[in-house]
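Next up: a single chain in structure tokens, the form predicted alone.
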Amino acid sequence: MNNKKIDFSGRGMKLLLALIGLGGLLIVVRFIFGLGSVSNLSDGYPWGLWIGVDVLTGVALAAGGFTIAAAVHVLGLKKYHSVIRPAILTALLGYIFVALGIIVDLGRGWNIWHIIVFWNRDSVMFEVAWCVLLYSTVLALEFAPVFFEEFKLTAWEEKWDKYAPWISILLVSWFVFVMSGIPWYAGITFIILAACWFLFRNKLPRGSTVILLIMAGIIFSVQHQSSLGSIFLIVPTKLSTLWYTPYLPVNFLISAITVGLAMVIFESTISSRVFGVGLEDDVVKGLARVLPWAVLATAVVRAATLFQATGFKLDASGGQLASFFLEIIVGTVIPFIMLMFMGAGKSAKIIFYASAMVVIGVVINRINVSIVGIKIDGYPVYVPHIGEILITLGIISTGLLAFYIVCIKLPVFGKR
């Protein structure tokens, strides 16, 4: 059993605790006195920083979980197995705090459970909510063996190995029913998946029980990563043509996959320094060889959809143009050059900074789509309230602290 103590005395830790405390206090103020007490949200701009950063950005940065899980368990790239646990933990915590951000943003956050009972299949947000709920369940199940290992719960581990495939099949079948409303669709899905498992389970290598969980996670994650883009299809006259396109869901999905790779490199590099864990060179460099091509693919798709929507006739304000080019230069041009032409194959530092820029570029993109690119006539331009900023910083700090504590207390980086 791990008895390592958590050090709260460092400056960084004190800053995190201060931000968590201040953010928590402002969340209390928000629920006592309403959204107007800590935000600049309005009828014209009902979505602001909490959606743009806490939700859209948080979900995108959590994409490393399904990206690496797919690479290891579906594509068979076993050399990346060492980074799968921290990637899944990052994703799990990301989704937990995305949910917190949504609760803070909702006018009546305490009614968030309504999505489970009151179904509106015509709403994209309904699909997103169920995908996030089910994918969070999958992430928790994927991470469960870390607890079993630490606390030597052998019996629980055996039960997990036995029932995880069936839970995966049930989750996917339930999702089919939730989205279609037709029971026999769900029944057919269950029968097909169950039959496939019966036929092929003995042919899979040992330890492959998790593959159905991974596949379920990929289904849910791909669905809601793209559907977050679909939400903004309802504002064609309000979102600048710099970002609006009928293919916005495709842009969101491919950029999430790209930033998932970058986030794994970024997070793994920092974790190796903070926790003193050795980072395998071939793992980082292997991801770095794929990353520039993912960045290029994202850029090509983005350019093609922009041309299709506007013919490159850009209708935007000066501030929107500046933010657009900042996003492209920081998130695409510079990291691509660094990874392709500046010796990234030999320099871990170049790989790290290039990955960080890809992450920053996607953050800017999500803020551009949800905030900068939106213009509502008759309302003053939305600028985040200091309360929104501090609550967001508090939520992010809580996530960082939770990641630190879990990594100290559990074998996230492999067996002790």
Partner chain sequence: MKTSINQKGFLIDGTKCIGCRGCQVACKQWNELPAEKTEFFGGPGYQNPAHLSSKTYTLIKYREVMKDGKLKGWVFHKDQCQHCLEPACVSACIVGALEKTASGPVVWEDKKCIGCRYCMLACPFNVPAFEWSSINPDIRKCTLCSDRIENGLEPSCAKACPTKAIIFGDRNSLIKIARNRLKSESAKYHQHIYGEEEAGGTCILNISSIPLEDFGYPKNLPKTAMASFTQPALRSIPGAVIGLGAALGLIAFIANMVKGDEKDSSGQGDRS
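Since we're looking at a predicted model, the values are computed, not measured. Note that the rigid core is defined as the largest set of C-alphas that superpose within 1.5 Å between two forms. Residue numbers count along the first chain shown, from 1.
Heads up, the form predicted in complex with its partner chain isn't pictured, but that's what we're talking about next.
>> When its partner chain is placed as it is in the predicted bound form, are 54, 133 and 291 each within 4.5 Å of it, taking any non-hydrogen atom of the residue?
In response: Judged in the predicted bound form, none of 54, 133 and 291 sits within 4.5 Å of its partner chain.
> Only one of 322-330, 235-243, 298-306, 256-264 gets a heavy atom within 4.5 Å of its partner chain in the predicted bound form; which is it?
Replying inline: Result of the contact check: 235-243.
> Using a 4.5 Å cut on heavy atoms, which of 342, 99, 283, 218 is close to its partner chain in the predicted bound form?
Replying inline: Only one option qualifies, and that one is 218.
> Though its partner chain is not shown, can you say which of 129, 170, 334, 316 has a heavy atom within 4.5 Å of it in the predicted bound form?
Replying inline: Filtering the options by heavy-atom distance leaves 129.
> Would residue 183 count as a contact of its partner chain in the predicted bound form, using a 4.5 angstroms cut-off between non-hydrogen atoms?
Replying inline: Contact check for residue 183: no, nothing within 4.5 Å of its partner chain in the predicted bound form.
> Any of the heavy atoms of residue 32 lying within 4.5 Å of its partner chain in the predicted bound form?
Replying inline: Close contact exists here: in the predicted bound form, residue 32 approaches its partner chain to within 4.5 Å, heavy atoms only.
>> Using a 4.5 angstroms cut-off on non-hydrogen atoms, would residue 364 count as touching its partner chain in the predicted bound form?
In response: Output for residue 364 is no: heavy atoms all beyond 4.5 Å of its partner chain.
> At the 4.5 Å heavy atom threshold, is residue 123 in contact with its partner chain in the predicted bound form?
Replying inline: Yes.
> Hey, which residues along 156-185 are within 4.5 angstroms of its partner chain in the predicted bound form, non-hydrogen atoms only?
Replying inline: Contacting residues: 157, 160, 161, 172, 175, 176, 179, 180, 185.
> When you overlay the rigid core, is the Cα of residue 300 off by 2 Å or more between this form and the one not shown?
Replying inline: Shift at residue 300: below 2 Å after core fit.
> Rigid core fitted, is the C-alpha displacement of residue 270 between this form and the one not shown 2 Å or more?
Replying inline: After core superposition, the C-alpha of residue 270 moves less than 2 Å between this form and the one not shown.
> After the core is overlaid between this form and the one not shown, has the C-alpha of residue 246 moved by 2 angstroms or more?
Replying inline: Where the cores coincide, residue 246 shows only a C-alpha shift between this form and the one not shown that is less than 2 Å.
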